[in-house]
Ligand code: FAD
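Take a look at this one chain, the form predicted alone, written out in structure tokens.
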Amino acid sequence: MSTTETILIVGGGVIGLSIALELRLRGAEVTVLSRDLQQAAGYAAAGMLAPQAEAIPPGPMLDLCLWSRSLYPGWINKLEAMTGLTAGYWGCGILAPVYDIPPSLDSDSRAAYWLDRHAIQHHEPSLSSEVMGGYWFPDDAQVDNRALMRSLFTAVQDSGVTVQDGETVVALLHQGDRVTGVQTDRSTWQADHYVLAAGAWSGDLLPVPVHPRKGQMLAVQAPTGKTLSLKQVLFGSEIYLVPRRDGRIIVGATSEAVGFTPGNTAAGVRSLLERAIRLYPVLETYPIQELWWGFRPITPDEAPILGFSPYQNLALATGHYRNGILLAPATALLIADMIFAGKTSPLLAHHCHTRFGFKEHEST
């Protein structure tokens, strides 16, 4: 494509903004439409970069995640150099405690190091006495998702991308095998190329199997004036604790198939606190600082939908579920390469929408 052509991205979350920045840095004229920037899943995440701790099985998805994790330090340096803002990257490693010793440690290929009960309690003295051991993943990391979103949004705006917030896309207009425009609740937008990166709302615009999965989260504040109490992410049984350098600890997250039902619930918050305190008992004395929720875009195989669509000028970048923050830099490169050079990376082929089948809308 010519760099003078226009690209319109539907979705202002971490995926949409990352793609927008990459395309703009290559010279394209880019517009982003977002229904509500503050509702993007990236703001509601914990920011774990955890392909190993998440136990993603070997295959294309793990390859994609490991590659994206390797891109992170350089990507963060670029954002910080462009904006002068910190993006909150911390290569702190992830500790995954367990209450029962696995029957065969050799069978768990995700483990970088196994720590027995004595070693893990020495590594993190405030862990529960119920913990029998755990895995240590020194290459997994975290990023402060809110700091990342602020720096990313600033970089996008400073680079000349047009961001239209409060524009809810209601339809993709198309004729034959080409998208001809985007209809919002306010107006109609047209471009030469389009990218669908609308997260949990993508299924409202195309018949892709992307659905919302609600996650409730909370934050507590460790006592001030003390040495940082928790210095690595704890990835436990159906719970994770993500410390920030200022003493804030993120606790998450529920996984609820309740559509777009908003709000924190007593049951959701109770389950988070019970699991978190069981793993890290000192947490029960920390004041609760904040409660929130978000909607992650999940697909049937929990892997994203990337690359080509049934329309020649529409690219797909959606369904990242729990790994949107992690996969942002890799997704941006893959989609930009596809749009600019028609590159068909094997990673795009493995994550194409055709693995689910696709019934096209009638022409509009």
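Start at 1 and count along the sequence shown; that's the residue number. The structure displayed is predicted, hence computed values, not measured ones.
Keep in mind that the form predicted together with the ligand is missing from the display, and what follows is about it.
This chain is displayed without the ligand, yet in the predicted bound form the stretch 37 to 45 from 335 to 343, 305 to 313, 22 to 30, 37 to 45 comes within 4.5 Å of it by heavy atoms. Though the partner is left out of this view, G294 does reach within 4.5 Å of the ligand in the predicted bound form, counting heavy atoms only. Taking non-hydrogen atoms only, G324 approaches the ligand to within 4.5 angstroms in the predicted bound form. The closest non-hydrogen atom of A253 lies within 4.5 Å of the ligand in the predicted bound form. Proximity of M217 to the ligand in the predicted bound form: non-hydrogen atoms within 4.5 Å are present.
Taking a 4.5 Å heavy atom cutoff to the ligand in the predicted bound form, the contact residue among V161, V169, L206, I239 is V169.
In the predicted bound form, the residues of 6 to 22 lying within 4.5 Å of the ligand by at least one heavy atom are, in order, V10, G11, G12, G13, V14, I15, G16.
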